[in-house]
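Heads up, the chain below is alone and in the form predicted on its own; it's given as structure tokens.
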């Protein structure tokens, strides 16, 4: 049996911890042997989990990558603005790189990273994890087999749930487009990657419209303060009341109750219907506190006191109508490909449920699908009207299947195999995103 491959981790935030957890679950395949993370609690916790030697624990990527190469691969999951430099340095130092999306914030930086991978002969995998799911892999197989004939149109919708939009793109790290990346890149480079994968062609031209219309001051409830914790008169009815979101996990429990039929769904429904039930049972009050995502992204102290302190002091306790956000909350992008296929990508941040929906029309049939909890995939043939339903997996609250899939793919690369995607594939989706952003902000059609 071969020795497990080694990797270093740069960035131990939410995404970095998810990728590193694959090594923890599969110690015979991958070991994390070095870490760079500026936040002390995250750095120390991950170092303990993976038994990382003290001499390989750093506060910055510069210090880690200044050492001689100590592993086969580097997992880079820093903030968007900090992707390009460590990616280039890691490649130059001889590491295969798994880089969180988006790969960089300008076309020039994206191309520089890809060129470095090409020049060094090393593999660069961008975390477009949806390619690695059963759902989208099955769609690609259906199209490749010609089941619906020649594709003519693609409609793809990125339905961002209202609470996810508020968490990440109104209150959170991605709320400012110039400090992180535009919404079309930060959230939808996944979707543009899929559309380009399905179309199997380069874009000809792109147009896009959209705006920020809901999460603005004009929609704030009368008398709403700057923070939810400052006594908001609308807290009982507001879907964005931060105490419900982060302390009690109301929206995550609602997601489970709506989409899952197991015991956990029943428990979630009871908690929503009788929110004080557990609090009244001796010894069980602590279980009313939500200690999973998104709460784990705002504080490492998931006690009631720790969560409330984070809401009183940090950005996640702010009223969504009084934030400094500038990301669009809805956008439509139209793409014409060189092979004649036209595609529409719709993104909006007011969905009741987080999911992706799509439709593709071909010369022989139509494919329809939904990716998310309660997902489905079907093809209907034009001539006979016959419908074929394909069994697909659905992640209840995210894309964990894709996360595991891309890590499996990365380990294949570290063992000398060939990965599913190339750096050039990923550059294409990013250039499409930059073009869509330019088309929207400048109100023009961008020739590709």
Ligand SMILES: NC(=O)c1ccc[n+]([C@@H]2O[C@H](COP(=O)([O-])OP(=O)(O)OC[C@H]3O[C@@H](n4cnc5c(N)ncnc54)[C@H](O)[C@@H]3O)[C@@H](O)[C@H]2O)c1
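Residue numbers count along the first chain shown, from 1. Nothing here was measured: the structure is a model prediction, and the numbers come from that model.
What comes next is about the form predicted together with the named molecule, which does not appear here.
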request  = Could you tell me which one of 96, 83, 253, 318 places a heavy atom within 4.5 Å of the named molecule in the model of the complex?
outcome  = 83
ask   = Within 4.5 Å of the named molecule in the model of the complex, heavy atoms considered, which of 77, 341, 347, 224?
value = 77
request  = Work out which of the listed stretches, 112-120, 99-107, 364-372, 304-312, brings a heavy atom within 4.5 angstroms of the named molecule in the model of the complex.
outcome  = 99-107
task = Report yes if any heavy atom of residue 15 sits within 4.5 Å of a heavy atom of the named molecule in the model of the complex; otherwise report no.
result = yes
message = I'd like to know whether residue 42 contacts the named molecule in the model of the complex, with contact meaning heavy atoms within 4.5 angstroms.
response = yes
ask   = Quick one: does residue 61 come within 4.5 Å of the named molecule in the model of the complex, counting heavy atoms only?
value = yes
key: Distance check, residue 129 to the named molecule in the model of the complex, heavy atom within 4.5 Å   = yes
Members of 34-48 lying within 4.5 angstroms of the named molecule, judged by heavy atom, in the model of the complex = 36, 37, 38, 39, 42
